[in-house]
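For reference, the chain that follows is the form predicted alone, supplied as structure tokens.
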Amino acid sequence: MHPDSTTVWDNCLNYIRENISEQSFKTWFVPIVPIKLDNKVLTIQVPSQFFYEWLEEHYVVLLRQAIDRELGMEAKLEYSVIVDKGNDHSKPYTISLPTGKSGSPKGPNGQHKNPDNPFDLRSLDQIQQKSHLNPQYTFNTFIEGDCNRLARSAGFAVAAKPGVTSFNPLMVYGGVGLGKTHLVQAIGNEIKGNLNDKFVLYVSSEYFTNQFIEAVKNNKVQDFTNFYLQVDILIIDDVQFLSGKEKTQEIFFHIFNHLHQSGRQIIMTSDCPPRDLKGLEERLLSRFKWGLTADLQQPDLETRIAIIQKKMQADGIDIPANVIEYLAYSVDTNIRELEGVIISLIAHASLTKKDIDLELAKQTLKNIVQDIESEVGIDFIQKTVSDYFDVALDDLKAKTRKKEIVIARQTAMYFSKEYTNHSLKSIGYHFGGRDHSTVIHAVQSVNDMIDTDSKFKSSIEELKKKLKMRTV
């Protein structure tokens, strides 16, 4: 039974969803509708020309990988672009466009690669096509900060002299969305740009495992091994997912040993340092520790501002400084979520034909940032507290030192600390740009008044009920 377009696209979506932020997935992939599947040409419908251009610019590699997995490397993707949405009397007007950069990869003479043996390499052109690197991931687009300086510097050293430095293997670890994949692919792209005779290969541990399983099923384990032994720079993402896969670990162990002894460069990422990896053989873990282990941490405020500025500059978009500051203060979790917010903001501005301003930024964040999703955000707390104490909302952010306003302001800061995930610095920003020490003082003052003033304590209890009602 041949799969239909919906089944194929649903499987592609499952793969895509695992490799991007949830907000980016909802913004750019949920609106897509599969139209037809004809002789391994999958046609998908997108809501606008802008949508089509954004997908081709930012997600072409991911789309290619997803289509390859489902239909094979000879498959093609075609877009049906809605130009006019139509009305009650006429159907929507669409145009069809073949994929630009994610078309079927071909060999040096325009011949398709042999889909029956994915480990068959016969030319440098095929080697270059096999790298699986996203060309957008470069050192120029990877913003340096205190959170990533060691890892980035090590990456530069490896890119300049792969396999020669003592950083072999290079292990980069950190939480979700902190830029691990970006950094290791930037190393790969730098090497390819300067040393184009090197075979650079980027794979996820899941892809490596699936390749190995297919090789076992098709009696091509030797081809699989020989393929990986040709690699000059092996970049393997998320090695923690090799946990519990004994046979895959064994083959990776032998490949690792051969590459390392031959002076080839090995680069890996993980969600934790080697000492904390579970379910991996001790002999493998010991080799992970041979080189350098560098971590990526959550970006600080200055780095987040620089990331937003760089992203907007790259997209040719100019937004006010107060919007950049608002986004940087409000999203302090990881880079992926921050980029998701930026993409959503651009999409909202484009689709609604509005200028990007502070109000649009706030509206966009209401649908994204976790503590606002729980509907008890700083804006709601400020409104609730100002209404309760009968003071103007603007006064909470102003410099006035009137006693009744100071108490209301400190109370709002106290609840912002209790009910949101914002940092002290971010809370201070939302109260007229005050620093974190002011927030600390406010929280302590409220706690002191709760202990010494029974009437104030009752007010706090009433406000808690009002805020909790919001989450019910």
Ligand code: ADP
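Remember, predicted model here, so these are calculated numbers, not experimental data. All residue numbers are counted from 1 along the displayed sequence.
The following text describes the form predicted together with this ligand, which does not appear among the structures shown.
Taking 135, 175, 279, 320 one by one, only a single residue has any non-hydrogen atom within 4.5 Å of this ligand in the predicted complex, and it is 175. Between the options 162, 155, 169, 179, the residue in contact with this ligand in the predicted complex by a heavy atom within 4.5 angstroms is 179. In short, of 67-75, 334-342, 214-222, 244-252 it is 334-342 that has heavy atoms within 4.5 Å of this ligand in the predicted complex. Among residues of the shown chain, residue 227 is not one whose heavy atoms approach this ligand to within 4.5 Å in the predicted complex. For the chain shown alone, residue 239 is not a contact residue for this ligand in the predicted complex, no non-hydrogen atom being within 4.5 angstroms. Using a 4.5 angstroms threshold between heavy atoms, residue 307 counts as touching this ligand in the predicted complex. Residue contact with this ligand in the predicted complex: residue 234 places no heavy atom within 4.5 Å of it.
If you take 138-177 and check each residue for a heavy atom within 4.5 Å of this ligand in the predicted complex, you get 141, 142, 143, 148, 175, 176, 177, in sequence order.
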